[in-house]
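Taken one at a time, structure 1 and structure 2 that follow are two forms of one protein chain, written as structure tokens.
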Structure 1
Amino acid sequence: MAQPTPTQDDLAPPPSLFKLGGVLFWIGVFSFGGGLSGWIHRQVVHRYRWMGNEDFLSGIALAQVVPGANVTNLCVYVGYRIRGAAGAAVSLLALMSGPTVLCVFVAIGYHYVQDYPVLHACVDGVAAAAVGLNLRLGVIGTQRIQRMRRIAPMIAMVATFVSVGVMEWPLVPVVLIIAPLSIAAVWPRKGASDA
């Protein structure tokens, strides 16, 4: 219970589709300024313990590599792991239905917001803080890499960040170069002991 990151062993039983959809619906509705991946992690791994931390982090990598918005991909993966294909469909629909309607209302009200500097500052402040929710997931991922106790994954992480984040090199070629190297470095060697 006091453990900050639940492991596979102490998972809660899978929820009903209705409950799963309900949780993701509210994440969608309240995710002002973004930070959805951080929200999903918080609810699904920490609050409800439907999924292990390792499993979730593996889903993040998958969501980034598969084409499509990272958040919707992650949502599909999470829904699938918790309740199968139906869980994936319900999760995606639940997560996206609120924002689809709300973003149009925000677009209609946007001029109003522009006229009030206080509201504008609120919006900017919330959006900046929401980036922190996703940064937190980066920290969790980094801690997991540290636990691997190998140098290659850490190098791959820093190389990806420097190339795409700092140098702003195009993502696809960078991933196509780093991914094979990173995988090869940790590939199980023939003849190596049962390590």
Structure 2
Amino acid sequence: MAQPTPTQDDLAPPPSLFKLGGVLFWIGVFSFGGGLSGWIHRQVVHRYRWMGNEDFLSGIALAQVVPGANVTNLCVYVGYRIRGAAGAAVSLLALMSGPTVLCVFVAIGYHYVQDYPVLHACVDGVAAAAVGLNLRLGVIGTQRIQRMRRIAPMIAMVATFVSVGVMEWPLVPVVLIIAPLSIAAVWPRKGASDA
């Protein structure tokens, strides 16, 4: 059963920097194979109610258009929205510190276990779970676009999916063309109704 999404009025008070860092640290440590955006969404929006769904989805959009890794950009955004500049710094450090240490140890020991088929099966299973989390987040974003009852965002979403996912065109040129068109299509105009 889907959990209700918190509105701006029923958000929890901002957590301590220690609590925020702790949540993101464990997300970083246990997020094998990707899917971090979906897990961050589940924790920050639904479990702890530190952010609203609309604010979080705006952060995802911003994280994807600025340079850098999407999840680190999202982490900085989330930390900043919850606790300001200190929250952004703590969030990024917490998310990256655990995986960095684990990656060093895994790299050291990988050549001892690389020939075991069970390792490859585990990695495949974790990757499938990560894809599922990302699909869930895509469904949430699509539902937001449908609630807006505007055709332009839906066209932009489908055009981006077809261009990059089906036709395999390079992402940057596609975004550089579609993003300005999408923004222009929904930009508020004087005298225009919000229908």
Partner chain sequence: MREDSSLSPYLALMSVFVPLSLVAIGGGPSIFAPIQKEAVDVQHWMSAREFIEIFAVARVAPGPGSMLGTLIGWKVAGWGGAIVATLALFLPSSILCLAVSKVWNRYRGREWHAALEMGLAPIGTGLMFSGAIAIFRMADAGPLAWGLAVFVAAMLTWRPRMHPFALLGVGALVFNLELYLAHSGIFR
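Quick note, the numbers are simply positions in structure 1, starting from 1. Basically, rigid core = biggest C-alpha set you can superpose within 1.5 Å across the two forms. Since we're looking at a predicted model, the values are computed, not measured.
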Q: Tell me which of the two, 1 or 2, is the form predicted alone.
A: 2
Q. C-alpha of residue 86: shift of 2 angstroms or more between the two structures, rigid core aligned?
A. no
Q.
With both forms fitted on the core, check whether the Cα of residue 114 differs by 2 Å or more between the two structures.
A. yes
